[in-house]
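Shown below, as structure tokens, is a lone chain in the form predicted alone; questions about how it binds or moves come after it.
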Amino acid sequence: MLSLFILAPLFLLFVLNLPLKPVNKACFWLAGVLLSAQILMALGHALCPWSLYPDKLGLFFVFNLVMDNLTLVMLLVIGIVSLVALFVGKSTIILEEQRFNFVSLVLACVIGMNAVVLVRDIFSLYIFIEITSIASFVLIALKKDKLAIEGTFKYLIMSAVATVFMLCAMAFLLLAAGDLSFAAVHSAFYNPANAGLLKCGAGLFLCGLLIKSGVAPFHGWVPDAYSSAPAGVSILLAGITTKVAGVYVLLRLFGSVFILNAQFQNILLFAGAFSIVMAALAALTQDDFKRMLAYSSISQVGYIILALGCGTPLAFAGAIFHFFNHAIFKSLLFVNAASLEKEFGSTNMNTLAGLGNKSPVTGFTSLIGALSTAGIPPFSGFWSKLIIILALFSAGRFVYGGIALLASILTLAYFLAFQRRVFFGKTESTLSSAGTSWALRFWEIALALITAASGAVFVLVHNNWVLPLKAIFW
């Protein structure tokens, strides 16, 4: 049953690329139905588990697919963000050829991401990370303009470096464990004779995944890739793709496969804190909304890395909850950016002013996303940040807890500056509205409601989703 999360989008991708005009014209709706089914399957599994045992995929190549609480959260958020990205792309991509290619590449990303969160061996994990990354390269360059090509090239170079690190890491792990399954690698960590090889392998994997995650100082490709890509691609990249290919794998491997020793903890704590502060300061200086959101993404990923470095079950649970929250409120803000770009032709804050009356829905939903990102109650971002900060303080990491707390002030500062510059003040006489689509308005409202609701019913979310997450770690 779990194999459907991989086989269904693969089958649809195959069918869409057959020379069948009616099917090709309905590509957005067919992909939308598939992604909606994934969301319902993930929610249905949470209410009534329908797969209690490992699943096997393939006749000649066998992948052990396993569902646990972390996988469940990932499949849900992959479905939500991919569905939003798909229909935002439908509303913003004009050329027919680009629209079809966009749907095919989104499906390729979904195949890769679903497999990444389901497989339970490191080699298969690596293969599907690369499938996701390759599809992402092409998506960024979809418009084929200079900035898009530049963003893709930077991402490609950094990703190639990360690939070398991960391949070398797998060689060390295979030498030490004799097998790349999660269970075999984890067991090998308890053999003192393997300590050197395993530390090298885990360290190299850590370097590769920090690059894939876009954590500072390996973040140079992120602002260019996110800001130059089409609106739907920006949502997919910022909301989920780079997070699954990097951050999720860090959580999975260092949460339940590798041994998170003091050295790795210190590296992760420093990388997380540095990303939080550096990216927040960089966001303060941006004039383009999408570049500001890109730096904001780097900063928010820093919170997840910081929680991972803390190393306690509570911190891990907070990291995964913040992963979910970040995917939702960052997708919301990128939908807002798409709406502004479609309606007013720009995301440059110097040319946008006084839009509160012209675009009240965008202004209000942007405020909800901003407050959640900054960790203001009662929105969802407040609760996940609170869990992370409490975990840091309870573990005696007072300096890092203080950094995480104070950095929220910087986040609030650049988002309030954005709200003031774009939605308040005097409207430019040359600024006119070209109108936006109902789909963009719908997704703005839907994502804002999810952000508000997951904060308002936090007790239920905590008891039914956050607490069970603590049980998956060794």
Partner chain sequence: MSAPSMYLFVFFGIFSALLLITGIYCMLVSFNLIRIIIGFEILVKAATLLIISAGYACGKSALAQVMVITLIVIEIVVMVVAGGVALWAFRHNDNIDPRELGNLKG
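Residue numbers count along the first chain shown, from 1. Everything quoted here is computed from the prediction, not taken from an experiment.
Keep in mind that the form predicted together with its partner chain is not shown, yet the notes after this line are about it.
Student: Which is the contacting stretch out of 150 to 158, 234 to 242, 379 to 387, 102 to 110, given heavy atoms within 4.5 Å of its partner chain in the predicted bound form?
Tutor: That would be stretch 150 to 158.
Student: Any of the heavy atoms of Ser228 lying within 4.5 Å of its partner chain in the predicted bound form?
Tutor: Yes - in the predicted bound form, heavy atoms of Ser228 and its partner chain come within 4.5 Å of each other.
Student: Taking any heavy atom pair closer than or equal to 4.5 Å as contact, tell me whether Phe321 reaches its partner chain in the predicted bound form.
Tutor: Outside the cut-off, so no.
Student: Could you confirm whether Leu174 comes within 4.5 Å of its partner chain in the predicted bound form, counting heavy atoms only?
Tutor: So Leu174 counts as contacting its partner chain.
Student: Heavy atom to heavy atom, is Tyr248 within 4.5 Å of its partner chain in the predicted bound form?
Tutor: The answer is no: Tyr248 has no heavy atom within 4.5 Å of its partner chain.
Student: Exactly one residue in Lys199, Lys90, Arg291, Lys342 has a non-hydrogen atom within 4.5 Å of its partner chain in the predicted bound form; which is it?
Tutor: Result of the distance check: Arg291.
Student: Which pick from Tyr126, Phe218, Phe189, Phe182 sits with a heavy atom within 4.5 Å of its partner chain in the predicted bound form?
Tutor: Spelling it out, the residue with a heavy atom inside the cut-off is Tyr126.
Student: At 4.5 Å, heavy atom to heavy atom, what parts of 106 to 143 sit next to its partner chain in the predicted bound form? List them in sequence order, or say none.
Tutor: The stretch touches the partner through Phe123, Tyr126, Ile127, Glu130, Ile134, Phe137, Val138.
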